[in-house]
Structures are given as C-alpha cells and as structure tokens.
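A single chain comes next, written as structure tokens; it is the form predicted on its own.
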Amino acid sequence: MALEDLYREVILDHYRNPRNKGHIDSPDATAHGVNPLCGDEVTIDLTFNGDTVTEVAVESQGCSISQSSASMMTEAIKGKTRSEIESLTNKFKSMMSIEEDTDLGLDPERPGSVLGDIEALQGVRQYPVRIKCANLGWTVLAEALSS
C-alpha cells in the first residue's frame, strides 16, 4: 500500500470512528470553535489530575479533515501534561505550516514516531485552504487549556 493510501485510510478511520466522542459532565476546561469559512465546529472538554489530562471528549461536525484531526488529537493528549501538550501542538502546527519545510523526523514506519496517526494529516499542506480545517481542533484545545 502506498504511503498516501495509508494516510487516507487513517484519516477516514478517524472520521468514521471518532475517538473520545461526546461530552464530559463536569469538565475542568471546555472550549468551542467554529471555522466560519466552511462551518466546521469543534467542542472540547477536558478533566485534569494536577497538570495531566485524564479525560478528553470532543464533539465535532464538519469535513473529514477537521473531525479526523480532532479525533487524533484526543488520543494524543490523553495522559499528557500541559507542557507535553504544548510541545505536541507546536510540532503539529509546524507540520501543518506551508511556509516552513521543517523536518520533524516524521516517519509513520518508525516505531514511536513523534505524532503517530496525526502524521497522516501532513498531506493537507498540499491544500492550503484545508489547513484551517486540520488546525481547528488544536486551536480549540489551546483555548480550553488557557481557560
């Protein structure tokens, strides 16, 4: 299977079977965001134990890219501290940047790769209008963490 096909399958899997979907009854932090250009919406709820995310839930609607990205993000941040999440967010934003050709050492064949399934979204950079779709969940996450 070609790498591009593998990435497409990962994105579609997260779109069809979103992880951590729903709401948390009494979240420690929550945020909601909308991409007005296309109507994508994401709401994120978080609970913490100290500085560590113990529970995350996401409700999203919109295109496959925004929903898949939010799903992948929820898997990546559970059990991480705020500083680890900030580092992960910075790596994701660098990967999505069309202005930088940063080598993050991304390699889906490498065990323990930096971003895991999230690396499947790097092809979105070829379609600049879709980058906001991929970034929406991460932007909402940053809002939740700062609330």
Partner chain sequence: MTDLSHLKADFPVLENGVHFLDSGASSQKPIPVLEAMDRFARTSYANVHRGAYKLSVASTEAYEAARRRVAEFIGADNPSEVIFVRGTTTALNTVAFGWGLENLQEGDRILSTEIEHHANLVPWQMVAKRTGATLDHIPMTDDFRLDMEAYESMIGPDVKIVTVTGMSNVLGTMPPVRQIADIAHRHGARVVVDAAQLVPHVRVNVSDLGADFLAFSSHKMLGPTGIGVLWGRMDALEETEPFEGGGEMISDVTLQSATWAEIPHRFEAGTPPIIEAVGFHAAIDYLESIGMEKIFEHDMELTEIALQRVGDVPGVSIQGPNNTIDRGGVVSMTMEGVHAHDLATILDEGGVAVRAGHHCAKPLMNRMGVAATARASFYVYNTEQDIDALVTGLRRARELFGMS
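Positions refer to the first chain, counted from 1. Everything numeric here is computed off the predicted structure, so don't read it as measured data.
Below, we refer to the form predicted together with its partner chain, which is not included among the displayed structures.
Candidate site formed by Phe48, Ile85 and Asn90: none of these residues places a non-hydrogen atom within 4.5 angstroms of its partner chain in the predicted complex.
Of the residues given (Leu115, Ala29, Cys63, Met96), Cys63 alone sits with a heavy atom within 4.5 Å of its partner chain in the predicted complex.
Within 4.5 Å of some heavy atom of its partner chain in the predicted complex lies at least one heavy atom of Arg130.
Its partner chain in the predicted complex is not approached by Ile24, whose heavy atoms all lie more than 4.5 angstroms from it.
Remark: Arg16 counts among the residues lining its partner chain in the predicted complex, judged by a heavy atom distance of 4.5 Å or less.
Shown alone, this chain has one stretch from 63-71, 77-85, 50-58, 115-123 that lies within 4.5 Å of its partner chain in the predicted complex by heavy atoms: 63-71. Along 4-19, a non-hydrogen atom within 4.5 Å of its partner chain in the predicted complex is carried by Glu4, Leu6, Tyr7, Leu12, Tyr15, Arg16, in order along the sequence.
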